[in-house]
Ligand code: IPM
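Below sits a lone chain in structure tokens, taken as the form predicted alone.
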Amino acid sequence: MTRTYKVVVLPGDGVGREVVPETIKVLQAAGDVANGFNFEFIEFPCGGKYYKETGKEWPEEAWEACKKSDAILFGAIGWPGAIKPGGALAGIDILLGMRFSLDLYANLRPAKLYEGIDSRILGKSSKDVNFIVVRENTEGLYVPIRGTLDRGGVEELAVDVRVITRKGAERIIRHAFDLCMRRGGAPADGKKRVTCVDKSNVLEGCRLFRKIYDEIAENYREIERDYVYVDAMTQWMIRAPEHYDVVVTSNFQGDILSDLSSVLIGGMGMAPSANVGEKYGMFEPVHGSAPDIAGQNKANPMGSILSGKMMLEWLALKHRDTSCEKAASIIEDAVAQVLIEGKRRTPDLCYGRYAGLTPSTTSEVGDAIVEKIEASSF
């Protein structure tokens, strides 16, 4: 019997409302070609703009739908002037709330430079950049243990508590090693390698993280160990990306490093991500809501579309569904073909040898990918 996957769709704010529809269009096309499953998309408004209009971050029924879903497709959060009492960004509780409440402990952020995108780093090409940052997603500096000291109307002190636990470190590091086993190795030498990024020369939490890394690595003798301090990683990741295969690190450090890695792959518009746990998965582009270009139909949908591809890969692994795996490959091949041809690309990719190209719209790029999918020989 053909399986139907229930996917909750949360376009959110800004360009999220433009790139997510393109992702759904591509997912449906790939599903039709793969021919082994169906989607039921259930969409809810959410985010800062919705908060300004209604006083709520999302409809009450959205949370229950997320808990009953097979996967969640997320757009972006953040809208000018949408600030909650106390100063928090309206909508951020949805994103962080799902990460904690659904225990989405692994944030996966691939950095892959596709042929057809000029590297912004001199001397690097698509043969050099193909690694993934595996970031712990439910502790670190983002745990809600924080506060300020206000005396006489003056904020004098702010405290954010960083938490590193054995449970949190063990499962994210094990996830990184298991993921490495399924990959093809680092571009430079083909070796399967997991790089532990920390600041263990200074911080106790990082010392614990590295200790647990070493304990778990003992069970993966075929994978090479690698260690880098996070400050050094900011240069080595750019200078020698071909050395890296899987990078594992804590929450805050991973957030920064994975954003930095976007410079290697053509920018934030090309950056997908997955937030996954044992039961639930949420998939979103890294680029944010970009209100400065919202509504102009010029945001790059590829980060969101590749997040949809990651959703299919996760569903394939979780449910042993080869048709989802096939659909994921179809999408990636279609994206790669559009980039290689160089005829359809949004403004963010019109640089280097493509500087003179007339930019395509968001929907034109989505249409081009669908055309490649429909013409695929799978």
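Predicted model only: the values in this text are computed from it and were never measured. Don't overthink the numbering: it's just position in the shown sequence, from 1.
Beyond the structure shown, there is the form predicted in complex with 3-isopropylmalic acid, which is absent from this document and is the topic of what follows.
A residue is said to contact a partner when one of its heavy atoms sits within 4.5 Å of a partner heavy atom; Leu95 meets this definition for 3-isopropylmalic acid in the model of the complex.
In the model of the complex, 3-isopropylmalic acid stays beyond 4.5 Å of every heavy atom belonging to Tyr105. In the model of the complex, 3-isopropylmalic acid sits within 4.5 Å of a heavy atom belonging to Asp255. A residue is said to contact a partner when one of its heavy atoms sits within 4.5 Å of a partner heavy atom; His175 fails this definition for 3-isopropylmalic acid in the model of the complex, lying far away. Contact with 3-isopropylmalic acid in the model of the complex, defined as a heavy atom within 4.5 Å, is made by all three of Arg109, Tyr142 and Glu284.
Of the candidate stretches 165-173, 115-123, 302-310, 134-142, only 134-142 contains residues with a heavy atom within 4.5 Å of 3-isopropylmalic acid in the model of the complex. Exactly one listed residue, out of His243, Lys192, Arg99, Lys298, brings a non-hydrogen atom to within 4.5 Å of 3-isopropylmalic acid in the model of the complex: Arg99.
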